[in-house]
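So this first bit is one chain, no partners, the form predicted alone, shown in structure tokens.
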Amino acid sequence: MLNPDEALSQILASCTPLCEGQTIPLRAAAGRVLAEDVSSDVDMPPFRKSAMDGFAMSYADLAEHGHPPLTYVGESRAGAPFQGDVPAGACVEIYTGAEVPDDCDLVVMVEQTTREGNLVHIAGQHRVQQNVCAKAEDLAVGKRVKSAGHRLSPTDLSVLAAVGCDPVPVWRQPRVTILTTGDELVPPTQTPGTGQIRETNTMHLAALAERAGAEVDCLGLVRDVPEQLVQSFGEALEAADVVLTTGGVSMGRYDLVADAFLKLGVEQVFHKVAIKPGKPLWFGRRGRTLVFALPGNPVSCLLDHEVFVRPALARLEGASVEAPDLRVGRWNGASPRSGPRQQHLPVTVSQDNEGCDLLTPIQWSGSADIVGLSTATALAVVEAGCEAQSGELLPYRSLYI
């Protein structure tokens, strides 16, 4: 068996970025990967602006004359700047975000002023450029704001809007086709009969793949019949950049998935990884199309997707960051038994009195226990041959971020 790092390295080496650009509306760009650098077409702010509600004035009037009352001559508000000159000994009422007149180099917040008619009294000590934001302080024309390969967050959309980037140049999303195998499975809408269970992996996998940036097509259930597997897998291979299947990859008599892919010309890259759960993962490639045959147990399926499939989807889409960094928390439970495989243990994450993340194991009964897994917020990682002692720092993988 490959260790997880070796397996991921072989997967990423098999990925050829799609590099197919398209433009989409800005409102639809969250979660997509930029295909080009984005630079500003404006200065931000485009003028000297006030950071406070208050009064704009010349610092010299305060420094040279010992805080005499100043004469009010008008106001400057957002979208309607003060027009004309501000003579010595005068001030302009100003509001947050409004343009500071050229003759002024100081804004005193309203709480430090008292107005009596047209006279404004100033209290406190002040300095030149206080509460004045310089032109282009945040961003200058031509400055790059986001780089190609960056996956856009909702906040990034505000940045792109500010620099006029609409529509947005992005890379095409990988097309993922999902199939689930197993004679014992029935759809969620059907009541299981004798020896049957409801199929739970398809919607779970589809949601994970979409969250990872893929365009997903679910083809549903395929029976454990070699001819049906070859036909369904062949159709999926023609249409997808990535084919995901679940079930049928262990060593049993009816584990027929690998043979079906081999008959379709898919080259096996590896089978089995030293990871728990998720050991039976089968990975292959036909041309540019990647094939991940995942175990049927739901927790194994989730883990293999997050550790192996998600980074592959990011590389295909051209993302500069292919997987979230693991965090570190303190183990808060009984010591799990060591084993020959890297273990991923479902936990909840909370904080102790010092602000350190606490990793508390959940009650669950193994890799088929999707109900138990749904109470977890992370997977703690214990390396092969190691035990986690209470209070020990462990890396962990956040779920559903």
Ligand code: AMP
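On a predicted model such as this, the values are computed, not experimentally measured, just so you know. For every residue, the number given is its place in the sequence shown, counted from 1.
What comes next is about the form predicted in complex with ligand AMP, which does not appear here.
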Checklist entry - Given that ligand AMP is left out here, which of Thr289, Gln129, Thr71, Thr200 has a heavy atom within 4.5 Å of it in the predicted bound form? => result Thr200
Next on the checklist: Give me the residue from Gln268, Ser250, Ser320, Thr96 that has a heavy atom within 4.5 Å of ligand AMP in the predicted bound form.
Outcome noted: Ser250
Checklist outcome for this item: Answer among 236-244, 104-112, 176-184, 158-166 for heavy atoms within 4.5 Å of ligand AMP in the predicted bound form: the stretch 176-184
Checklist entry - Taking heavy atoms and a 4.5 Å cut-off, does Pro277 contact ligand AMP in the predicted bound form? => result no
Checklist entry - Would Ser232 show up as a contact with ligand AMP in the predicted bound form if we use heavy atoms at 4.5 Å? => result no
Checklist entry - With the cut-off set at 4.5 Å between non-hydrogen atoms, does Ser76 touch ligand AMP in the predicted bound form? => result no
Checklist entry - Could you tell me if Pro311 has a non-hydrogen atom within 4.5 Å of ligand AMP in the predicted bound form? => result no
Checklist entry - Who in 278-308 is close to ligand AMP in the predicted bound form, meaning a heavy atom within 4.5 Å? => result Pro295, Gly296, Asn297, Pro298
